[in-house]
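Read the single chain below, which is given as structure tokens and is the form predicted alone.
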Amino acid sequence: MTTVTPVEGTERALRWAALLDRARLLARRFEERSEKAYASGEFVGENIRELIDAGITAINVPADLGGFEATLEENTRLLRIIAGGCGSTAFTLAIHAVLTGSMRSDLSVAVRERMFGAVRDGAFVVGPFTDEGSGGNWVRPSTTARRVPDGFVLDGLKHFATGYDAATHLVVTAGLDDAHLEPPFNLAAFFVEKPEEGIEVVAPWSGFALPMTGSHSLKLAGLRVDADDSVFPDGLTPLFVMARQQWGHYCFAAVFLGLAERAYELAVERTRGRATTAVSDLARLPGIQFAVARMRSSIATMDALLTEYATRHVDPGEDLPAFVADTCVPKYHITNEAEHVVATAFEVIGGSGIRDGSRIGQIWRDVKAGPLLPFTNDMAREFIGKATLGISPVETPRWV
């Protein structure tokens, strides 16, 4: 086996600075493209290819396999930058980041080397998780996995398969049909190359928010996977999923914080030096100043919150339900507060924001998706509230 020297110290710092520079450059390019493609919902495939070429999709390859092994906080930083240019691109990248970042320490040796060898060479991984019968409750899938002598056969209907058109590999979830495994412990996940048979797009994506993500609905009909494609041991998948919930919550929060940051920038840019027949300088109006102050304060708070959690709340520890509740805090606060910032920016910019193709109009639509992503507002409030009051998250009454 080849010995790999981990990237660290000055070399790592230089590589990180280069990644940030590339992300900023690409974000500007993506914003220009989105002005033309947003209305039609054209998939961000070209953007994904450029992220691959820039090495940004490979940042989570483990150091022992020759990769950069980005931290969770570093992932959120890059996602915020990309979101400033294009929310659809950032959210599509976030799915890949969540999968490649959350699973690098938990996989079997064979699956780990196969996954990260592919990612290192330019693979793009997406995960159709949301089932027709269970929605955002990923640990109770309605898609089934039936055992056969050489593996499993999967059947079901998946929604929101974000990034499917760009995918080279999938992480597919399903419920094992084993009688001794009761939900949610029958949950299984499989890492596979994008299949040519047994899976098809049955409803192409068309969305009010994040319209360029290609989040199609997929039908799995007799999709065969090998036993070696199984990601986690039988019965333990839901525990692994919950112990890595921070990746989903923090990366999703980063996308919507990035949208809010760009909305704030646009509002300030639009106001400085702007005059009307009634006012010689809009920036001198107290209402504008108060709105800008509120946005700036809110963004600083969101930044501090996400940075704190992405650096200090990443280890599940011994109390898994309490940890999951902790991870809900930044996701819940940021996705909701980002909406308020964007709405305020929209008011500051004024009527021009409702024109076709306006960037603030795109951001206003995209930011609406944040509170609806798992964990949704209701589910997050339930987890946070019950954990704070010392109540088990599965105790009734349940809100969701």
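Nothing here was measured: the structure is a model prediction, and the numbers come from that model. All residue numbers are counted from 1 along the displayed sequence.
From this point on, the text means the form predicted in complex with a small molecule, which you will not see here.
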Exercise for review: Answer for Pro183 alone: is it within 4.5 Å of the small molecule in the predicted bound form, judged on heavy atom distances?
Suggested key: no
Check your understanding: Taking heavy atoms and a 4.5 Å cut-off, does Trp205 contact the small molecule in the predicted bound form?
Key -> yes
Exercise for review: Using a 4.5 Å heavy atom cut-off, state whether Ile354 contacts the small molecule in the predicted bound form.
Suggested key: no
Exercise for review: Considering only heavy atoms, tell me if Asp21 and the small molecule come within 4.5 Å of each other in the predicted bound form.
Suggested key: no
Exercise for review: Decide yes or no: are Phe160, Leu210 and Thr376 jointly within 4.5 Å of the small molecule in the predicted bound form, with each residue judged by its heavy atoms?
Suggested key: yes
Practice item. Go through Gly135, Gly235, Pro321, Gly151 and name the one with a heavy atom inside 4.5 Å of the small molecule in the predicted bound form. Key: Gly135
Check your understanding: Of Thr143, Thr130, Asn75, Ser102, which one comes within 4.5 Å of the small molecule in the predicted bound form, counting heavy atoms only?
Key -> Thr130
Check your understanding: Want to guess which of 107 to 115, 283 to 291, 89 to 97, 226 to 234 is within 4.5 Å of the small molecule in the predicted bound form, heavy atoms only?
Key -> 89 to 97
